[in-house]
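One chain comes next, on its own, written as structure tokens: the form predicted on its own.
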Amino acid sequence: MNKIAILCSGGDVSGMNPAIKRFVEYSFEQGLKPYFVYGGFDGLIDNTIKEAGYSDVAGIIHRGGTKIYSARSTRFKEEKFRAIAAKNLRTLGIDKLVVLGGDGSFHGMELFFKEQNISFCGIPSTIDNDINGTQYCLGVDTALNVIKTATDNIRDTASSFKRAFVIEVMGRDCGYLALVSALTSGAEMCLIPEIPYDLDTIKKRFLREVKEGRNYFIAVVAEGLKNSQEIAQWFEKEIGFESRVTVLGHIQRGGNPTVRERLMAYQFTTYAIDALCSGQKDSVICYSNGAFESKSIKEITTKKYEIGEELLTLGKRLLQK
């Protein structure tokens, strides 16, 4: 029986456990023997690779995070440790690897494949949704719903006290979470790394809206800008509204995976195993325009992700330059 393994690398996301469950069940359907790599790339190096069965995935579909743990491995960046990882896989007879991770993880696997010729298929898994070639990454829907709930709750207080709230969401280099959250929560302001902003222009709009009756503000800011406190002070000084900052932080990573998340995990994992069984060696499963497709790792890593123009257009009023 051919053997196949799965690992999680980088930040955890809700959706990993549903993907892990599907991995075990679909592997057996395809006549494969499934293995877990515990602890990401470090697990490959330390040989924490164990055979998996149905009992290992019972009752995990509703849980956030990942049962098999994740890590950001610094050792895997060194060739000598990648060689150890490959040796451990070959010793166990594992020649196929499913990797749930983000951009850094995929760059690591690209190098690993070139050096060691270990076949792999990546599943984009990052709440930042910043992987080139795919419009959706595992974990995004759950993260957006966590932000939605928090923002709705904060709006209750903002409207009661006539305050401005600055809500900082994750997104080091990508403003996807901030933009979609701002649009779907009815925020008055959104600041993201991709678009320069002009506070003077925004000030004119806000002062006009205050005259017309607006009595509270919600601003959603991507963490990569590192300016949440500055914006809160700006609200007080320039707009005349008492303000508060709420940093949502790591609550965005966790939580019960949404229905959409579970279905996407099911589909991503199915396509990943099918790709490996069909002989593809260095691919990533991507989701675009309502369809899944397998793309080579080179297509994914050679270009930086950009938020789609349609989404930027929808948020034009909130992204005043």
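In this text, residue numbers run from 1 along the sequence as written. Just so it is clear, the model here is predicted, and its values are computed rather than measured.
Keep in mind that the form predicted together with a small molecule is missing from the display, and what follows is about it.
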Region of this chain that lies against the small molecule in the predicted bound form, out of 236-244, 184-192, 140-148, 126-134 [heavy atom, 4.5 Å]: 126-134
Listed residue that, although the small molecule is not shown, lies within 4.5 Å of it in the predicted bound form (heavy atoms), from 83, 210, 111, 225: 111
Answer option from 214, 205, 87, 107, heavy atom within 4.5 Å of the small molecule in the predicted bound form: 107
Non-hydrogen atom within 4.5 angstroms of the small molecule in the predicted bound form for each of 10, 41 and 172: yes
In the predicted bound form, residue 120 touching the small molecule (heavy atom, 4.5 Å): no
Exercise: residue 103 in contact with the small molecule in the predicted bound form, heavy atom 4.5 Å: yes
Partner contact for residue 72 in the predicted bound form: the small molecule, 4.5 angstroms, heavy atom: yes
The small molecule contact in the predicted bound form: residue 76, any heavy atom under 4.5 Å: yes
